[in-house]
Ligand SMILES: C[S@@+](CC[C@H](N)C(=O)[O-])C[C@H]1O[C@@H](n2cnc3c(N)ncnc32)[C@H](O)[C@@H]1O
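What follows is one chain in structure tokens, specifically the form predicted on its own.
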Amino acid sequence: MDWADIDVMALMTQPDIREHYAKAWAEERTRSDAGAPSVHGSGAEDRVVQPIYLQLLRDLRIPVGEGVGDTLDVGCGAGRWVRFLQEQVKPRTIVGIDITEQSADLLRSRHASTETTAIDFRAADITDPGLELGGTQFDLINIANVLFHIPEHDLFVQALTNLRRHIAPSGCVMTTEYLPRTEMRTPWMLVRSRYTFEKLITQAGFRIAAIRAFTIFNNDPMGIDGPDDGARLLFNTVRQQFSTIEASLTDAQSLAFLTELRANVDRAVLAFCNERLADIDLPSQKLVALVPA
């Protein structure tokens, strides 16, 4: 995306993003109280990414799971990743933080500690220079779909500093990134290039331990370089067509079939590409594992 094509007045900063999500999580609480399903997160994407995430934890031998290890979920939002951590990873502790009190309030009402996992939610800002989380160094920090929503350079650097301060020496920060070759600015995001990203995480005291591509058609195709009317348009057209079909379905069986179809499309494309391309070059979102350098 060409910077010259963007209306500067439309660009969102951290206060704008905080205000938006405060409203979004309050609305999610209302829907949730009424028994409506969450509108945040893709079931198809979860089916693809979660097994990859678990395998990556095993491959890197991160000391977390089955009652072991302390985990921090940054930007816990409506609880999509909290559910995954609680139900599938099962660490000793999960601390969820979000820049909005509305998220913490929502999740306190929906998630409780279990015999194996103590859980706690609080409003906290990963870009706050004074961020304190009780002195804990976490074995796993999950920060999904957060860092590219911090467009300000100084706040992004502070977020990396805070992550480095709160990660255990043998721990891992798991973030979701796109890592295109060129930077892209949208009203919501600053998608930093792979070169800028690696430079800044290196300065913060991290190194990239692994990259795993996971979502081709079930998330924004921001991993594709070039203008919005090129390849990215074709990918977004497929996504819109899936959404149109989904909106036309009313019975649970058909919706479940479509969800699995969407997941299988991503699985098939990933399987093909993994034999031919490095994960960083796939037109997808990626799990990026950062470890202390």
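Start at 1 and count along the sequence shown; that's the residue number. These numbers were taken from a predicted model, which means no experiment stands behind them.
One more form of this protein should be noted, the form predicted in complex with the ligand, which is absent from this view; the next part is about it.
The ligand in the predicted bound form is approached by V146, whose closest heavy atom lies within 4.5 angstroms of it. In the predicted bound form, at least one heavy atom of C76 sits within 4.5 Å of the ligand.
Though the partner is left out of this view, A213 does not reach within 4.5 Å of the ligand in the predicted bound form, counting heavy atoms only.
Using a 4.5 angstroms threshold between heavy atoms, V269 stays clear of the ligand in the predicted bound form. None of 165 to 173, 68 to 76, 204 to 212, 84 to 92 except one has non-hydrogen atoms within 4.5 angstroms of the ligand in the predicted bound form; the exception is 68 to 76. In summary, among the residues S193, T186, T127, Q137, the only one with a non-hydrogen atom within 4.5 Å of the ligand in the predicted bound form is T127.
Contacts between 19 to 34 and the ligand, taken as any heavy atom within 4.5 Å in the predicted bound form, involve Y21, W25.
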